[in-house]
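One protein chain, two forms: both are listed below as structure tokens, the first as structure 1 and the second as structure 2.
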Structure 1
């Protein structure tokens, strides 16, 4: 008998440039888990090579706004004229199947999810220091110094919000960070509050044998 039948919702978050995507990919490449990546919903048109339900769920602006009215998103935001969000029903489907659902989102999105869920696990991914974050943003080579500075200013405002998370993982080295997150997931499954109901059922079975 499994002590935990319901999966876990794991929210990976942190400032832009901290390496959330890289850590998440390394985590998924590891063995010994049942992780699935939460697919977001968007109103922007598909790009070449993108698949429905894999890269995004593509919907109309009207459908997205109707979902907002019905509180159907764990979190949502608007960027460059398009909506992006995490559909609550899709996440719930995977959790009921016992999957570990991973959300990789920005800090403000994570705080939205925090307000709407009671049993998610929130992991703040932090840089070793401010200078390393700046170097990461600089190495991208895709943004102007002005944009990089705006991202650094935003990160400076987000660092103090780490206390709202359950765990802080420093991305000093990608594999180490992924290891720590996997250890967190395993520890969360062993928490009494998550497993006591099934454990009591197991005791009943043993006593009746």
Structure 2
């Protein structure tokens, strides 16, 4: 029965610098779930310590644009001078297997997914305050002042879009934030529209006894 059930798509999103990546990693380190992370593709050069196929699939601009033409992305966006996108085939494959697939993407991309899919859960990860966002971008130490300023300006424009999401999780503390996301995923499974068919099957068995 499980094989025929489509998995749940979970979209973690929010402005750059809120700590989405850290929260996502903490979430995957937690026990008691069977989540699959969808590795994105980007034209941004790798940062120190980032590995191909783990953090991203790093490709050239030409290769990315070719994939856009072939409609190979579930969503894609340009972010501060680089392309980022979610390879469609991998996500589809996992969802068909009944897996819970997590995307960690920026706001434009999340809104594209929102328009295209009817059965996904959207979580906006918010910073506890503006200063923490700036501090996090500075601490990363990998971007120039100009890029940091661009990321900050973009974040400023993205804050008001939180209302388009199903949930808002404030990243006041990484483990707490990851905990809350796991609780959201569990609650989503129990939602009537997702669990009613299983309940109906049970009801049939009870009624036929």
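Fair warning: this is a prediction, and the values are worked out from it, not measured in the lab. Numbering follows the first chain given and starts at 1. Under this definition, the rigid core comprises the largest set of C-alpha atoms superposing within 1.5 Å between the forms.
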**Request:** Quick one: identify the form predicted together with guanosine-5'-monophosphate (5GP), either 1 or 2.
**Result:** 2
**Request:** Measure the rotation of the smaller rigid part relative to the larger between structures 1 and 2 and give it in whole degrees.
**Result:** 30
**Message:** Once both forms are fitted on the core, what is the Cα shift for residue 72 between structures 1 and 2 in Å?
**Reply:** 4.8
